[in-house]
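Just one chain follows, in the form predicted on its own, and it is written as structure tokens.
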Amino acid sequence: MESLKVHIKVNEDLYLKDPESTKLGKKIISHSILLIDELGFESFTFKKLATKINSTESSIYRYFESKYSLLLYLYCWYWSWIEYKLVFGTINTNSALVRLKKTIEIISSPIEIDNDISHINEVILKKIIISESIKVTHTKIVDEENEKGHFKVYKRIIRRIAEIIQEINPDYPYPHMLVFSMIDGVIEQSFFSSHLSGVTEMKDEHDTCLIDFYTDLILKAIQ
């Protein structure tokens, strides 16, 4: 059976030219993920990326005006992909409780390669989200970026899961805070499992304990 071709749509304001529209654009995205993971965002430059892909800095600047814009694109792409997984993972499920459990599982599970999207390594991209996304959300221009709608998908994911919680228990007063705590916690736990292991029971990025932990936490909270 032929593999389904998936296209993850990202806010057009995030790029000058859609990297999904050309082979070079896809190459820029693919290798930027590998290089940011290898070097860290501070040491990553378009010059180094251009060398890696046998191209020029100017060709990369035709797609993104800065390396920050590229990082923001990767951040938004990741959460758009997660939303896609949530939609298709729960689309035929009528039970709100089953949908909530499946949603927690999708958010909290170790990431696996999505074979329907060949040019992006989602496993490495999540490592970038874990280590570098604070450079997107904790900035002086975060309000400006929010006004442009760059966090729309992230907020929509939280709202989507919060609505499931409200469906189960309409009287629970903090559904958005609870969902945010889970999503942010998955990122933080994953980071600290590699760097400050004494503060978490999570052993490594392949550990599935987050599913059990957040399922237990959320279901008990909304009882």
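Please read these numbers as outputs of a predicted model, since none were measured by experiment. So that there is no doubt, residue numbering starts at 1 and follows the sequence shown.
Just so it is clear, the following notes concern the form predicted together with a further copy of the same chain, a form of the same protein that is not shown.
- Heavy atoms within 4.5 Å of a further copy of the same chain in the predicted bound form are found in one stretch of 184 to 192, 58 to 66, 45 to 53, 24 to 32, which is 184 to 192.
- Candidate site formed by 111, 122 and 148: none of these residues places a non-hydrogen atom within 4.5 angstroms of a further copy of the same chain in the predicted bound form.
- Among residues of the shown chain, residue 168 is not one whose heavy atoms approach a further copy of the same chain to within 4.5 Å in the predicted bound form.
- Interface membership of residue 8, defined by any non-hydrogen atom within 4.5 Å of a further copy of the same chain in the predicted bound form, is ruled out.
- For residue 37, a non-hydrogen atom is located within 4.5 Å of a further copy of the same chain in the predicted bound form, even though that partner is not displayed.
- Proximity of residue 16 to a further copy of the same chain in the predicted bound form: non-hydrogen atoms within 4.5 Å are absent; the residue sits far from the partner.
- Although a further copy of the same chain is not shown here, in the predicted bound form the stretch 173 to 200 places heavy atoms of 173, 174, 175, 176, 177, 178, 180, 181, 184, 188, 189, 191, 192, 194, 195, 196, 197, 198, 199, 200 within 4.5 Å of it, in sequence order.
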